[in-house]
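Heads up, the chain below is alone and in the form predicted alone; it's given as structure tokens.
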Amino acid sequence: MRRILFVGAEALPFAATGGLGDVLGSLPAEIQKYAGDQVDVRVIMPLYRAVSDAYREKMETIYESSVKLSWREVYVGIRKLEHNGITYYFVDNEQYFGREGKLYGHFDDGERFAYFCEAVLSCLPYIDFIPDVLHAHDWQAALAVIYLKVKYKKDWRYGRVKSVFTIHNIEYQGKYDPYILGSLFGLGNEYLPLMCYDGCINLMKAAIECCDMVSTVSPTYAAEIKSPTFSHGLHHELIKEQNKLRGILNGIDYDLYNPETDPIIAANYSAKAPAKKAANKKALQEALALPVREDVPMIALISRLVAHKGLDLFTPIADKLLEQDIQLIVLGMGDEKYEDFMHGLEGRHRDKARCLVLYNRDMSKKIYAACDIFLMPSKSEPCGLSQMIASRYGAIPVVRETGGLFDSIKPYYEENGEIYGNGFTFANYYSGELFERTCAAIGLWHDKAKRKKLVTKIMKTDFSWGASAQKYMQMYDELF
């Protein structure tokens, strides 16, 4: 039996801020389901204040001690919980993780996640789970791979452990001043060549170098990040290590995102019986005080309101788009200039547009279920889950051909009466192309026969984790 330990900063349903939480909340169970008794998959993450009491009450404390990181010696507790057939471990330390509000973005994130990674490595013998594969995710878990290589490999208990490091978003690399290598991360100056890149400590760079395999969340993104356009400076390192780089497209949790059973939406429906999708559109129109019309396409944008999500493409065409007979729903938070723009857009088009400057997972599901067309014009997108969720709920995606968007959405066309593709795509980062493809989607929506065929095909596109779980197992097998 192969033992696999996922190490990450978040996981649904416990605490999450985005796609990483979705992945760690669903991929382990899918790998366990795929491989059965050939694997034992477990997950370890911090015990944040955000983890609800309902889960805390079911946890068992299985280890308490302290860990030493440079000059600090601090408490560590490990709690254990079985959830959906997977064992989850939680690193408990109130000083670092018992804070109200956001999971990241604190002044001492470097120290918090260095502690987390040290706690993970030090506790393994005492929780009776030395993995065959330690699979760390993003910069917050990078030091787990680094410490394994430079500190723990000398211990016979860890000698056979292989490591995988997954890049979910290369923009966030964990950069720090070289002068704190010892005081913050507990490593001597002999590790400066390993830890430093372009004049600063770079945890992602060091993890790429230390791990046995690097993966990222789509095949196209794996190719893109070897170029300076997408790498945020790390292309030299990735080119050097390209023989161990793999790209595996993420999936979505088909139980969590299922219009047939979703309790959040107004009416349940499926690809075989899609008629009740219209009831969700009506319910959202009523809730947001929009004209209740079945004959108008509802377009949605659910995103962080930042430039690289394509907001600088959307804003120049938004008013022109709203000159047409459409409705527009925007949900998201981000840069102040885009939030202000959305408020202004709604003010100029009170009978057509609603801009909800907030983050609300339940509201996002209601919008997915209600909308007819979904926009995702990202400048870069490692994988993207929103286009998959929107498709699952029967919305026609309009996406730019980058990263996982390119891998998951193929351009619609019709030939000899057959429908090909599962959305509308454009290649260049240009507002005019976004506008033209959105108008093409609107035009198709008004053709009821073609719309029905395409929407049925979109809803039947397989975005589940099954194929991806198989590819992860194949990658793990390559390590041995």
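Source: prediction; values computed, not measured. Numbering starts at 1 and runs along the sequence shown.
FYI, the form predicted together with ligand GLC isn't displayed, but the following is about it.
With ligand GLC left out of view, which of N169, N258, N93, T87 would have a heavy atom within 4.5 Å of it in the predicted bound form? Answer to the contact question: N169.
Among C371, A206, L148, C383, which has any heavy atom within 4.5 Å of ligand GLC in the predicted bound form? Only one listed residue qualifies here, and that residue is C383.
Looking at ligand GLC in the predicted bound form, is some heavy atom of each of L5, G8 and A136 within 4.5 Å of it? Verified in the predicted bound form; spot residues all out of contact, no.
Is S303 near ligand GLC? Define near as a heavy atom within 4.5 Å, in the predicted bound form. S303 lies outside the contact set for ligand GLC.
Taking 4.5 angstroms as the cut-off for heavy atoms, does K277 touch ligand GLC in the predicted bound form? Outside the cut-off, so no.
Answer for A16 alone: is it within 4.5 Å of ligand GLC in the predicted bound form, judged on heavy atom distances? Close contact is absent here: in the predicted bound form, A16 is far from ligand GLC, nothing within 4.5 Å, heavy atoms only.
Do K365 and ligand GLC share at least one heavy atom pair within 4.5 Å in the predicted bound form? No, K365 is distant from the partner.
Pick from 294 to 302, 224 to 232, 383 to 391, 148 to 156: which stretch has non-hydrogen atoms within 4.5 Å of ligand GLC in the predicted bound form? Within 4.5 Å of the partner lies stretch 383 to 391.
For 441 to 463: residues with a non-hydrogen atom within 4.5 angstroms of ligand GLC in the predicted bound form? Residues within 4.5 Å: none.
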